[in-house]
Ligand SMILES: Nc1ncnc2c1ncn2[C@@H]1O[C@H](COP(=O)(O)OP(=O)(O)O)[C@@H](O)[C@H]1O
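Okay, here we've got a single chain as structure tokens, the form predicted alone, with questions on binding and movement later.
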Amino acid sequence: MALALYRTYRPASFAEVVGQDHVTEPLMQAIRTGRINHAYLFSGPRGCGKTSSARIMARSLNCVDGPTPTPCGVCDSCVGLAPDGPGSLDVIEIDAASHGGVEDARELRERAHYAPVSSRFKVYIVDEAHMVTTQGFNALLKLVEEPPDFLVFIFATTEPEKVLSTIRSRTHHYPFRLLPPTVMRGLLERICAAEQVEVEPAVFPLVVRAGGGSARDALSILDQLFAGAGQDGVRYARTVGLLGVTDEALLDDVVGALAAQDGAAVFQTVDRVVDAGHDPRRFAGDLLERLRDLIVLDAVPDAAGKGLLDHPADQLERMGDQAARLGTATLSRLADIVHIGLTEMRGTTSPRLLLELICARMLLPGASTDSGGLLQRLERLERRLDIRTDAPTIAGDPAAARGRRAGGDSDGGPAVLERGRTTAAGAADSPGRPAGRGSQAGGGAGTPSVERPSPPASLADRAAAQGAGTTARAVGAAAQAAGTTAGATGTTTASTTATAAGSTPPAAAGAEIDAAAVRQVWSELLSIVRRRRRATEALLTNATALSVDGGVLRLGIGSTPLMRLLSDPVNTEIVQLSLKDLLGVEWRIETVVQAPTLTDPQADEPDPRDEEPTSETPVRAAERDPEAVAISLVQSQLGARRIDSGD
């Protein structure tokens, strides 16, 4: 019969105890200086080394060279108290779970006064001390308070608060802790190397997580995996099936589907989970842990290097992409929903039904009236706004775009702020005049810039202070902030911009995005399409965006057969839905045959939008203004209305 791993690798000295330096160092120092107490209380979770440390303590006290923190290991006492030793007559272990009554305590009290047979100290190790009855503790109280000089008590318990306070106050209390994941993994790797068993790296995080910080539990699980390992060692697939944890591929699928807002893929993943025999509660718990990891990775990009996450490099790369696609607000909201759902699943009779309801809540931020749902919707709008404001700049003035990227101002921040300060100064000089004339007059007179407090700051503060107020009130504050910001930072064409943005129908919002902007987010579009249909994604890989005109996106592909396949209604519908999820646009799709070239398809055809705007086309100049785009976006997506600052 094979000896269990947790018994084979039980520590024989304080130096071999793993992860409990806060306990072993003070105990070793107390033995060195001879300040040995008559009673000790070792507390902590199961499997963290309490009983093993009690035996090491007895071994150190009774060593022929002792008391010493480093037992010799060769004397009779050390050999008898070794992990595989026969024991010692002067070290008595009592299981209080079965010997915790008052009669057992009286019997111990009578025997305790006899001197040790061959050792320096007589040591009583009382395991599961919290199981001793109150009468039993009272019977031991006088003995623990005034024991003979040769008597030492060591109480070990997982619930120190249940130990009688009069007993606990007469002991030195040492709390043991669970092992951190990094320490536990190092221990497992050393044991695997000693046992000469090959273990796949992805297995260690599963064993560490299943062990829950308990060294004994983790070694028991590893022993079970060793017993069922084949010639190729311990494999990830077998470990997942044996431990009942959720496969990482399922978690990747459901998180990717949530990022793409693909409800069909989410519910198909739930169906695969149930068909595979997994517990929906366990899947929800694993999903919550994945969302936690994504939140950490979003906040700390080098979380793996700092020891916050323990995953393989390829999985960390996938998780980084998932965190970037979901965003901070979305991740926080999804984690809150799953956490609340896990609480609701405790007593449910239909866990699959509740899991599907949780998925439905995660897929519908628009149906949520709390602040988390509003933040998620605003996060999507900000992402679309970044694309819409970047695209006209890059298409209309490539030199300016290159200069802005070289200067590190991806948002046009300093330039816009300076422009806003100049305009605000002009408006302060002539409050009764339009913003455009005020800015010109202020600039011509050489009046120094004077910054006024901006109304949006107070509005945003009030909306934030209200917390989870009604959605309409929060949306109204956002619309006011966007409208006032547009007025504060507009150029001489601000009035025209506001008029054009206010009269623009919702469908015109998508016209701000051109083919260059689509090509800029092409990889993200492919990821969303892949979630819906891999064949369509393969076709789009060979295609390119040629132009956007009148709500029609024209795609070019290299051959007539491929063009016919991409023109299939199934494929065009998938592309349309994916573009709507990514950019919020509703375009028709046209495909044409285009010979593959090494240059941009539009390089030979000048785009009318690349021409400098003239005074004859004020509306087009206004449409390209980022602030006008912001107003149009808030009006079309949130149903806001423009409120003049004078009102």
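Quick note: we count residues from 1 along the sequence shown, nothing fancier. Owing to the predicted nature of the structure, the values given are computational and were not obtained by experimental measurement.
Same protein, other form: the form predicted in complex with the named molecule, not shown, and the subject of what follows.
- Among heavy atoms of residue 46, some come within 4.5 Å of the named molecule in the predicted bound form.
- Put simply, residue 216 is close to the named molecule in the predicted bound form: some heavy atom of it is within 4.5 Å.
- Within 4.5 Å of any heavy atom of the named molecule in the predicted bound form lies no heavy atom of residue 25.
- Put simply, residue 517 is far from the named molecule in the predicted bound form: not one heavy atom of it is within 4.5 Å.
- Partner proximity in the predicted bound form, defined as non-hydrogen atoms within 4.5 angstroms of the named molecule, places exactly one of 574-582, 26-34, 48-56, 61-69 at the interface: 48-56.
- Exactly one listed residue, out of 203, 187, 359, 329, brings a non-hydrogen atom to within 4.5 Å of the named molecule in the predicted bound form: 187.
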